[in-house]
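Before any questions on binding or motion, here is one chain by itself as structure tokens, the form predicted on its own.
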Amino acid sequence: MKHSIARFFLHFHPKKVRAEAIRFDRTFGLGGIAALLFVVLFITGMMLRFAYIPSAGEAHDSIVNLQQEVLFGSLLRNLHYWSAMSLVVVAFLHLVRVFYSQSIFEERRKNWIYGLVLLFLVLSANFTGYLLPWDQLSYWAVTIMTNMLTYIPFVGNGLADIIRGGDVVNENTLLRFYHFHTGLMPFLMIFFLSVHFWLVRKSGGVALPAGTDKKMTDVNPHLVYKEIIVALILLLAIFLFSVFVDAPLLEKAKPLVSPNPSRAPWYFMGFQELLMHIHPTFGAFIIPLLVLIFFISIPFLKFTEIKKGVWFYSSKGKQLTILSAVSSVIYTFAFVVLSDTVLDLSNRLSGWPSIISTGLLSSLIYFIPVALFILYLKRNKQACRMEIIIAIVTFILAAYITMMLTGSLLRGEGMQLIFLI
């Protein structure tokens, strides 16, 4: 039995690893941090089940009672909430780190796909848990997001009804989300995390550049010591933050009284912002679908040279990454402001079908300059295919973050930009 357990854990940690692989700046410990946050969420979530009542009439009151009457109840909820928010950020950064360090090719292709699946599960788990407090914040955030699903052609309404358990967010939705959040999502995440870590072990651990020193070192204590230090720092940081900053909780949900403004969860605010400028069919379905297909296909594209473990592929790649990020932020924010003020295609072209005016035309107005920018990088900067791919991914990520921050921080009543009100 002892040897079987040891062999199981060897899938995660062999006895020896290359010394260069355990340098902190290779991975920043993001994969391990994400796994530890999941453990914290699992433990705190199991404890919260003893106090939570999954019904529309009692859910909010049970949270209030937990925070006011249960010893350390508020701290327990804070730990769970902030760990969940942290996991979204860390999972995203881990995926970004894997891409920019060129660790997605050849034998690591499968793990890139599993990584995308895990990010989806993290967002899904967070989203299903978002509704459980049943307050104004969570109720209307979930209402907005499930309504976005109805914009998906042909299947959108049916899919939204299946998720909600009806045509509106109600007690059936709360019960479904509770079971998804506490049952299905943890099971799926444990399964895919196990496969993910096993594939990392199978592919030889951290991807290292060609020519890196092949000196081996013992996992225990060299790697284990670093993991313990990072884990203790993370737990201390989450604990202290949870002591001083409470998880948000507004008044009990009022299905007939919408707050102004009504916002999606912060990590989905980029989609809500996009829908304010582009027709829902494009913003909620076509563009996200094309981006997803692009991300899935990257490891399977043909490149003249693959440089596993090399950040940004080359020094030029790093420069283009910075240029693309800055250009994307400036251009995307300018598009948002102009769309709200000067363009206003829905009114200017009110006689046109909306799918043409605010759909196709708005998309072209945004993407044609982006295509010209990519062409500029290829012809004037002599960027190779991999450097172009890195630039495109950077542009997409920076654009989404810009829209997410704009929607979260710069939208006031009526979802108007606060400096234009």
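The numbering used is simple: start at 1 and walk along the sequence shown. As the structure is a prediction and not an experimental result, all values here were calculated from the model.
What comes next is about the form predicted in complex with a small molecule, which is not displayed.
Asks: Counting only non-hydrogen atoms, which stretch in 132-140, 158-166, 222-230, 304-312 is within 4.5 Å of the small molecule in the predicted complex?
Replies: It is 132-140 that comes within 4.5 Å of the partner.
Asks: Within 4.5 Å of the small molecule in the predicted complex: all of Phe42, Ile63 and Ala84, by heavy atom?
Replies: Per the other structure, all of Phe42, Ile63 and Ala84 touch the small molecule.
Asks: At 4.5 Å between heavy atoms, is Leu48 in contact with the small molecule in the predicted complex?
Replies: Yes.
Asks: So, His181 and the small molecule: in the predicted complex, are they within 4.5 Å at any heavy atom pair?
Replies: Close contact exists here: in the predicted complex, His181 approaches the small molecule to within 4.5 Å, heavy atoms only.
Asks: Even though the small molecule is not shown here, does Phe38 get within 4.5 Å of it in the predicted complex, heavy atoms only?
Replies: Yes, Phe38 lies within 4.5 Å of the small molecule in the predicted complex.
Asks: At the 4.5 Å heavy atom threshold, is Pro259 in contact with the small molecule in the predicted complex?
Replies: Pro259 lies outside the contact set for the small molecule.
Asks: Within 4.5 Å of the small molecule in the predicted complex, heavy atoms considered, which of Asn111, Gln102, Thr146, Asn126?
Replies: Flagged contact: Asn126.
Asks: Work out which of Arg77, His279, His196, His94 lies within 4.5 Å of the small molecule in the predicted complex, going by heavy atoms.
Replies: So the residue touching the small molecule in the predicted complex, by this definition, is Arg77.
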